[in-house]
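A lone chain, given as structure tokens: the form predicted alone.
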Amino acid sequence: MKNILIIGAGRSATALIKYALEAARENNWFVTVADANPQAAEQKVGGHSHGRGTWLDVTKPNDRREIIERNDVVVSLLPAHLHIKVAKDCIKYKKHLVTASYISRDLYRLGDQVKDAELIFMGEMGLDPGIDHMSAMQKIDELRDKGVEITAFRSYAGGLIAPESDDNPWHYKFTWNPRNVVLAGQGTAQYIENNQYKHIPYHRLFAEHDVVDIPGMGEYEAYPNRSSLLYRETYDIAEIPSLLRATLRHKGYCKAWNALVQIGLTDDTYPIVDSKSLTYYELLEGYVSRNLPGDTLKAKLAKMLKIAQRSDVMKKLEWLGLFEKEQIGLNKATPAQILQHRLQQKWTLEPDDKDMIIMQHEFEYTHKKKKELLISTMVLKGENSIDTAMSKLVGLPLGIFVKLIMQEKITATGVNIPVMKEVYDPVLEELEDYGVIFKETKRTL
């Protein structure tokens, strides 16, 4: 019997565990789900005959190594900085490793050791990163095989709330790690447009968003991701004149989020003194200059943000409860931690809420002296707050790839991401059975 270890039983693990257990039943494998919360692991396994849930504190080396040694393939759903501990153990005990996280420099440095041990370490095998790599690379290779010259590639993705569950003025709820949402975009976004490098620092990012048309869905806002330029080499399109990767949000989101940035509420670099006893009103009051005209906090804040007091942005801030005289209740918290705490009270999925993933690639190219635009779009909705589209699109690629390893259908040893044909073709083909279908439209420019 072959054995699979899944470390982590959080929200994004649901679809992966379900898929892995069914694959284990069909192939007489066994799945162990390990988590610091053993009850969560047991609940996700649900008494399945080919699986078990168990306790694991991954920071305890002996416990971590003992459980890794007993398995053939390890899937790490841990926070990214902990993957390196698991990776070194996997090399020691000659176990394959799969993660959905971006591959760190430390992991890449293990590449020679991984190859020498004839092991498969696959990172970025989720949604974004993951399905974005595979679907983009498949189409890029297909276009190149036709002899076309690709002149522009733009890729957009967003974890959103489905229209039927959209019941707040932000048109957003948390479908993935709340901390990552609050800190999104910090740094400087870099991309290339018509052979000119573009740099957008954080304080301008949400004010300079684009509007993108999603066929059949309407218009969405898009703000550039921080690291678009890295993908010129990753996708083997180093000479492409235009390349952009961006995040999608419903219209109106970016302007309101920019207000939170300008106020200072997304800052995670310092604690607020006496934050536990402060009210949200007092916190906001602390950011507004007393020299601004206006007899109310709302009036002064609107003046500071250079927006109308009755604007949609102010209505969004008010809906969050930032003007309420309610104690924050977090000790020594940073502004970003306070904001996250508030948003988790406001943006949590209700039991029957459906999330929605949109991914769209746009390719401009020249073919037989004609300029053409190919748009490839995928939209998938979740079923409820547990069986989310986010969980499905993070978990299923992991599960399918693990199955391919177990069936010895993957030859790509070393530390990789899923941009090779032997990976993206079978994974994307099976994903279609779960509704992950890219629909294409094409027109002449």
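Numbers follow the displayed sequence, beginning with 1. Note that this is a predicted model, so its numbers are computed, not measured.
There is another form of the same protein, the form predicted together with another copy of the chain; it is not shown, and what comes next is about it.
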query	finding
Of N331, Q345, S289, N180, the one that lies within 4.5 Å of another copy of the chain in the predicted complex (heavy atoms)	S289
Contact assignment for another copy of the chain in the predicted complex, among Y191, F174, Y235, F363, heavy atom within 4.5 Å	Y191
Interface membership of P201, another copy of the chain in the predicted complex, 4.5 Å heavy atom rule	yes
In the predicted complex, G264 touching another copy of the chain (heavy atom, 4.5 Å)	yes
Contact test in the predicted complex: T296 vs another copy of the chain, heavy atoms, 4.5 Å	no
Distance check, A308 to another copy of the chain in the predicted complex, heavy atom within 4.5 Å	no
Proximity to another copy of the chain in the predicted complex (heavy atom, within 4.5 Å), stretch among 320-328, 265-273, 145-153, 370-378	265-273
